[in-house]
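One chain is shown next in structure tokens, namely the form predicted alone.
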Amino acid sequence: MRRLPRKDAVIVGLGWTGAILAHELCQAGLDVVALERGPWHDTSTDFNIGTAPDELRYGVRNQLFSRPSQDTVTARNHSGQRALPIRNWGSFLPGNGVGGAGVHWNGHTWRFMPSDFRLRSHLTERYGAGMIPEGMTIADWGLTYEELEPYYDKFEYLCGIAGQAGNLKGQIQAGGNPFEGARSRPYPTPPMKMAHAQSLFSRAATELGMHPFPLPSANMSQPYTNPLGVTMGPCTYCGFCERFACANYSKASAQTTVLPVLMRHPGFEARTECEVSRILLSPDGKTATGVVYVDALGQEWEQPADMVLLCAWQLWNVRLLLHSKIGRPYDPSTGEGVIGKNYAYQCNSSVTGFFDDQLFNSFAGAGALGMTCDDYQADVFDHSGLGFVGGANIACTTYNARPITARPVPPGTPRWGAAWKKATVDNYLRATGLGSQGSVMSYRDAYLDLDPTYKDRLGRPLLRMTFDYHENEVKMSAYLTEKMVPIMRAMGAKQINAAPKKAGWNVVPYQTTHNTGGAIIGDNPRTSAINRYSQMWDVPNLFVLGASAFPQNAGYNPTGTVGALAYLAADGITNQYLKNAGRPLVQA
């Protein structure tokens, strides 16, 4: 193994969090290197307008995603099963290369509800401790919405998020989300232009007493120049967002917001196709001294650094901590330990409507083009007697009608043959859908650890996932799905197909890439892995960024909160930590 010259900071992963932290640290005068396992990705060279909208290449063959031969996980529903390796990504799609999953996301950009950040305390205060069933391990974040709000704002202005504020400094605003936490200022750009489906949804939801508002979108509604001086163009509504990179510079990603500035900074270096295999520690185990990585030729290198920032995807963050023997591994039999604890996912459901007298040009869409309601989100509604906690947004989105995979057909249609072909033709322009993106609570028996059997190409144990939907989530999904059916009926659908989430998580069909937990945030080192600044309790010069911090998952996309946490960490490092390096930013 060859040893390289020391850096002030080494960053593992160059996606959203890695790019944000690298920029902020370089601005503070640090010498920073980022190590990215995948290849370099640049909009002009890799996502050309002539090849980017290739459904077979990107939407079916998953060109942008990590290959299981690079890394995979084993999965099971409960500890009594033997976990088996995922050999073809389905349920979730890990990104691969510079930009990470932020390259292929749809662009839904949410703030969590104020109650989400103190969930256990909130539910106990409102309903009593008996509302939280035995085995549910939900926790407060040790951080409030109000404390995180400035960093939400900073991320939204980096990205140019399109939306309509619903709560400005405590004043409810017409047309926005009346249930959201207070904002310090409006969205940087106005909402996207809605399609016909959203007009029908808004009218129907309003008639039913709900409060529809534009979905906060990282697809640009107009040209925008962010605070770093990077300019993005308006969305062309091509329908190639989810699973695709944006060739038009109109979807916020690291490539279109941060990297054009970061790559010109003299204090920054990016090394691609370099996989970090472990974090190195001092003899007493209390200080990270750098990382070991393997390059594309199989050569092993040591990169010493004064500070290590773990900015990989959620599952890979947890796995690297476990491989490096940092933090106490979680033990589900005792409930002790923190690394691997509180894994959670997302609980989605859908309602599809088929119409006789309406046409929907669904191919003219965007990843975050939609209207949504938060009337059944989080604890906005009274949960007394419902048998569950948590909630979901209800949205009508028009994000694609790509010809290979977008083939909506009514219930009872054969799965192949002439009748199926006729049904796809008849319904291609006459169907639209509603979706609920639901929360998932954390549980003692849902966790991540190292698999005792299967290893990766470097000889390291694979990460093992133990997860299933619990009764709480199944009841919540059924309740929310029942709320969507009357909306679709009021929109005028003649046939309706409802699909609530059921128990028995299956890794095969795609569901969401919103995996969370495993290195959770909190105010107690006995029950959490990191403090509010994403700093490891056990190793103060190691920071762990991303959705691995979530103690449970809310009914929203995680990206907005991930971005806000990154800016909070950057603030803590540059304005506090560097003045007294190696010391905890929060006293236990």
Partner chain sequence: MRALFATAVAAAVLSAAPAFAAPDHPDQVERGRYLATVGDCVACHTQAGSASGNAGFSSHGFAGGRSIDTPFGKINAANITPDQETGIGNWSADDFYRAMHEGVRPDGTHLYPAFPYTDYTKVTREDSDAIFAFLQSLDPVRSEVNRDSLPFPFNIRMLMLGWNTLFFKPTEFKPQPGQSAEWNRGAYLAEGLGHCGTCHTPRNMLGGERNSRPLAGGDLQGWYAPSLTADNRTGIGSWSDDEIVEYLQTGRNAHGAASGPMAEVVENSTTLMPEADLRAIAVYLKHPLGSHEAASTPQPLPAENPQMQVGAAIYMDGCQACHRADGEGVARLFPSLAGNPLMQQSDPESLVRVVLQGGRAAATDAAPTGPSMPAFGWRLTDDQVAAVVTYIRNSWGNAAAPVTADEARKLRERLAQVVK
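Positions refer to the first chain, counted from 1. Since we're looking at a predicted model, the values are computed, not measured.
Keep in mind that the form predicted together with the partner chain is not shown, yet the notes after this line are about it.
Distance criterion of 4.5 Å from any heavy atom to the partner chain in the predicted bound form singles out T231 from the list T287, T512, T424, T231. Out of the listed residues N248, Q198, S477, N96, N248 is the one that sits within 4.5 Å of the partner chain in the predicted bound form by at least one heavy atom. By the criterion of a heavy atom within 4.5 Å, K455 is excluded from the residues contacting the partner chain in the predicted bound form. Contact annotation: R185 falls outside 4.5 Å of the partner chain in the predicted bound form, judged by heavy atom distances.
Contact check for P260: a heavy atom falls within 4.5 Å of the partner chain in the predicted bound form. Contact between D31 and the partner chain in the predicted bound form is found at the 4.5 Å heavy atom cutoff. Screening 39-47, 545-553, 531-539, 59-67 for residues having heavy atoms within 4.5 Å of the partner chain in the predicted bound form returns a single hit, 39-47.
Of all the residues from 549-588, none has a non-hydrogen atom no more than 4.5 Å from the partner chain in the predicted bound form.
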